[in-house]
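The chain below stands alone and is given as structure tokens, in the form predicted on its own.
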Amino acid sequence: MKLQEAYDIVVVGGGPGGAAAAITAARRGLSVLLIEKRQEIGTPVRCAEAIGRDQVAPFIALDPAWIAAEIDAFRIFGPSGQSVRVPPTSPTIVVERKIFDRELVNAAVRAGATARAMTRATGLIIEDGFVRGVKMISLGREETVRARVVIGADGPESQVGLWAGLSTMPRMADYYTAVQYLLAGIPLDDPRECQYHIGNDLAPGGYAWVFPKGPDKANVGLVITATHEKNGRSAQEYLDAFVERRFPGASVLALILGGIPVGGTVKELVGNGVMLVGDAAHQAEPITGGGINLAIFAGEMAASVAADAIAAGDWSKKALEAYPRRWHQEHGRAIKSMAALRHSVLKFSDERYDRLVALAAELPLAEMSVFDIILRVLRHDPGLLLAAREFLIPT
């Protein structure tokens, strides 16, 4: 049970981003410690639990034990109730995060990493302007562990980022307030279809969702922009009204609450001997708030760069900058444009939402690429073109 005095990499946080980083680093032959403050990895569940199958495959084998549903389509409902069925851009599954997260961390252990739950980071060891390790309380005991690189995967209010002096706090307007029930005993139109519901009365500045987890069970949640809570009605009150209309008499098996930063990636992803991934880096998709796929991408990227830096004997901020360069090249432009689109969409009337849903319903979506769909919608609604220009115009 005794930890080493030093590791090549210490990962703070046992979610998908942290686990992907630990797996990648361990497979590269580095000594890795992953710590998780909660007493059980995978709890509490913090999202709707949808993820792309292709993002999981490089890390763990698909297992029916943690696949709750296979998804064939997404259905988007406008305020009037009209809907459009959209095929997924890649194979999608809804997972059981309690099992899925634990298996990801177990994959890191099989690759050679050490993992420890009930271990809370309390600070960083900082010497000569470099992060040199982590201070922690592990299983009730104070400990310090040195590291060449610390990877913060500790959620949207990242303490690792704060202790390292990285700017991580978004504006309130760039936060979703989220609430979700796990409902049982409910009728589902299609247990292989995820639903999104939009409308200013339903979820101002956000949307509601129904993600199936079996024939009569689903994650049913809602997000609103944090600034809308000032109107005196909470996200949970909006969700209760939605559930009462759609699923009266449903049984509630679980409740989760939280905040999701959706303003785009933080400006500083790295410092001397430190990196941020996943929610800690605000690497969530700005319109839906989905972050599992992006966290896994980021964890793999960060650990690969850290491994190269350690092999070269230089893990300074300059050396670790290869990670944000790669991140922004592969995902940054799209996220920035989606963040701008989200601010435009926040101003839509219900009538405008309904017009866009009606337009999409007339398109042969199964035969069109995402880019083609976006172009058709923008031609119909040119007001969105300015916000989307960075996504559409090559750089």
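Don't overthink the numbering: it's just position in the shown sequence, from 1. Not measured: the values here are computed from a predicted model.
Same protein, other form: the form predicted in complex with a small molecule, not shown, and the subject of what follows.
- Though the partner is left out of this view, W209 does reach within 4.5 Å of the small molecule in the predicted bound form, counting heavy atoms only.
- Although the partner is absent here, T119 lies within 4.5 Å of the small molecule in the predicted bound form, judged by heavy atoms.
- Shown alone here, G133 lies farther than 4.5 Å from the small molecule in the predicted bound form, counting heavy atoms only.
- Mapping the unseen interface onto this chain, P324 falls outside it, with no heavy atom inside 4.5 Å of the small molecule in the predicted bound form.
- Among the residues G199, P286, G155, G271, the one placing a heavy atom within 4.5 Å of the small molecule in the predicted bound form is G155.
- When you look in the predicted bound form, the only residue of C47, A26, A68, L33 with a non-hydrogen atom within 4.5 Å of the small molecule is C47.
- Between 259-267, 141-149, 239-247, 72-80, the stretch whose residues reach within 4.5 angstroms of the small molecule in the predicted bound form through a non-hydrogen atom is 259-267.
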